[in-house]
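Single chain ahead, written as C-alpha cells, the form predicted on its own.
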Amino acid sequence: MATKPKVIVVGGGLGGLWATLRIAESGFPVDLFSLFPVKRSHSCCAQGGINAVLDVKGQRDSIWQHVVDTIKGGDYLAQQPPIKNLCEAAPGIIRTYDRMGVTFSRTPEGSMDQRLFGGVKNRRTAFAGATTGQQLLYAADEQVRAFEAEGKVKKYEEWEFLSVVLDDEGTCRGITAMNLVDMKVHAFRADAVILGTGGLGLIFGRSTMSTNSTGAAASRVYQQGARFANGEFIQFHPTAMKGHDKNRLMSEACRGEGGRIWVPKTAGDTRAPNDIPEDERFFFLEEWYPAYGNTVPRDVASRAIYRVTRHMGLGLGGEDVVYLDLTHHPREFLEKRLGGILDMYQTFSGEDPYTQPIKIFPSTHYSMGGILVGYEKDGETGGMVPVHPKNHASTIGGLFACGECDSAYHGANRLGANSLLSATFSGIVAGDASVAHVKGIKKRADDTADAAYDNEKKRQDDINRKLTSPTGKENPFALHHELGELMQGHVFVERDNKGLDQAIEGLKKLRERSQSMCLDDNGTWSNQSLSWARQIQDMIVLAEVIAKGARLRDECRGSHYKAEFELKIPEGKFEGDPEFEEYKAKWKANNDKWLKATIATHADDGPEIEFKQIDTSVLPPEKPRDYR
C-alpha cells in the first residue's frame, strides 16, 4: 500500500504547531523541524494577550469593530478579506484555548478578563497574566505531543532549515536541513512544506525578539523564488528596555493597564522622577492624542517618543529614554496583572518598577511584511493572481507560510495583541490548505527523481565547505554588528532618501564582504559559527529588500515614515472644516498612488520591486487614519 502524502512544517511556534495539529488531525503524517526545542520558540515571549471580541466588559464591542480597528491600524495596506476571516475566527480560537487548559486571567466573578490595548477603545485582549504567549504555546505543544506519541508527528529539534527542494517544474518537493549537533546536511521528501519561522528582528542588530529571529529561513525561500511583500514595514515597539546585548519588551499591556508615558517639561531636569510634581511632567501622548492617550497604536507612539527625544531634546538626561509610569497603581494589582514583565525589568535594570517609572525607548519588534501568500504565479503572463483568500500558499507551488514570516494580516502596522491571534489563525489556515493541496496533487514527492534531492544537498554542502575553509578574512559577528548599526542608523523609526541610499550602498558592500568570511571554528561538531555565518548572508539579502522598499515608497504610512512626504493633519481641524477637507483630498490622492503592496523578487544584484493593488472590498479607505 502506498504511503500517505507527508507534510513538513518548519518552525515550532504557534503557527507551526497549529499547522501540525490540523494536518495530523486530518490523518496525514507530519515532520516538524525546529532550530531549538519547540517550547523555546519565540511565541512564548509574547506577554500582553490575544485579541478576540467576547465583550465581557459590556462595551458593546463587535467583530466588525475589530475588523475596522485592524484595517485602520494597518493604515489600510493589508489585503482586507483575510482580516475579516481572522477577526471572525478569533472568539472561537479563544474558547478553544480555554478548553485546552490555558489559564486565562479571570474577573472576581469568574468570567474571562480582557484588557485594553493600543489602537482600540474597547477591552478586547484576553490574557494569562503577563505570560500569555507561553501559556498558549505550551497548550498547543501539549496537543501536538499527543499525536507525536501516536507516531503521527515526528519532531526534528535542533535542526536548521536550509532550503526547499524544487523539481524540474519549480514545485516544492521537500527540504534540506542541517543537524546542529553533527552539522551534517540531509534532504527530506515532502508533498507540501509549511514555513512558520518567525520574524527578522536581528537584521537590526538589537531587538525585542529572540536571538534566533534572523529571518534567514524566509530569506532562503525568497532567494529560491518566493515573493516577499511589504518588507519596509517594520514595527518599532514604543516601550522597550534598552540593553547592551538585546532590548527587552515592556509589553503594551503596561499602557493598556493605565501606564502613562512622560518626560520632564524642562530639558536637563536631573531630579529623581518621584521628585518631579505632576504639573512639571509632559504627558505628551495624552496631550497630542486625547482620544486615545497612552493607548495610541505602536507606530504613532514610537514616532511621538522619537520626536520628544530627538527633535525636542527632552529625553532623560539628554538621552534616548522616556518614562513609562505605573507607580500610581497598587503593588498587588501590578503583581497580579503585570508581574512577569515588571520582575524582568527589575532583574535587568536593578530598579524597582513598582515604586519608580520604567525607562523605555522604541525598539525593533515585529515584521508586518513577509513571504507573499494568497497569490500564485500566472502561467501565461508571469504576473500574480489571487487565489482563495483562505489559502496561505506562497508563489512557489507546494510551499505555504504562516505566522510572522507571512505577509497576510497587518499591512503597514500591526494592531497590538493581534500577533498571537494571527499566528494561531494562519497556522490553522496553512495546515488546512496544505491538506487540501496534498489531497489534490497528481505527482508525489516519491515520484521526484533522486537527483533533485542529491543536487540540492550538494549545493548546501558546498556552501558549508566554502565557509569552513580558512580562506576568508571577514568575521561574521563583526559583520552582524555593522549590519545592525547600518539599519538602526538609516532604516529606523524615521527615514529619509539620502540615508536610505547610504544604507543600500552599504548593504551591497556587506553582501560582497559576507562571501569571504573566516570562522573561529572550522570543526564539524556543533559549530555555531557556521550556522551564524550562513544566517548573516541571508539577513543581508532581506535587509536589502527592506531598505529598497523603503527607498521607493515616498510617503508616510504606518511604521514607514519619511518626514519630507508627511501629510500633516491641520492642527485643531476636524472633518467638515475646510482645512481638513483640503487635507483629506490630498490624502485620497496619495492613497490612489501608494495604497499598494510592495512585492520583491530576488535577483543577484539586489531585489526587483513592483507594486500591487490592495483589496479594499471590506472597508474602502474613505477618511484618514486619525487618533486625536
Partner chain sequence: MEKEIHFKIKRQQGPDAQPYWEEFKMPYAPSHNVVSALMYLREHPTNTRGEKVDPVVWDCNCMEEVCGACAMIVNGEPRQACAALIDDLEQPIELEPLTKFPLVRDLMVDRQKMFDALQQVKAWIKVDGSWDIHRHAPLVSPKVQDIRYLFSRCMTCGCCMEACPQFHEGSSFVGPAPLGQVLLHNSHPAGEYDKEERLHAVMGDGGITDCGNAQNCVKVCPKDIPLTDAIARLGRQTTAQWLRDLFTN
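Positions refer to the first chain, counted from 1. Predicted model only: the values in this text are computed from it and were never measured.
Below: the form predicted in complex with the partner chain, not depicted.
Using a 4.5 Å cutoff between non-hydrogen atoms, P470 does not count as a contact of the partner chain in the predicted complex. In the predicted complex, none of the heavy atoms of N274 sits within 4.5 Å of a heavy atom of the partner chain. Among residues of the shown chain, Q223 is not one whose heavy atoms approach the partner chain to within 4.5 Å in the predicted complex. Contact between A149 and the partner chain in the predicted complex is found at the 4.5 Å heavy atom cutoff.
This chain is displayed without the partner chain, yet in the predicted complex the stretch 96-104 from 264-272, 490-498, 96-104, 293-301 comes within 4.5 Å of it by heavy atoms. Taking I441, A478, L552, V321 one by one, only a single residue has any non-hydrogen atom within 4.5 Å of the partner chain in the predicted complex, and it is A478. Of the listed positions (E278, E169, E512, D520), a single one reaches within 4.5 angstroms of the partner chain by any non-hydrogen atom in the predicted complex, namely D520.
Heavy atoms closer than or equal to 4.5 Å to the partner chain in the predicted complex belong, across 177-197, to one residue only: V181.
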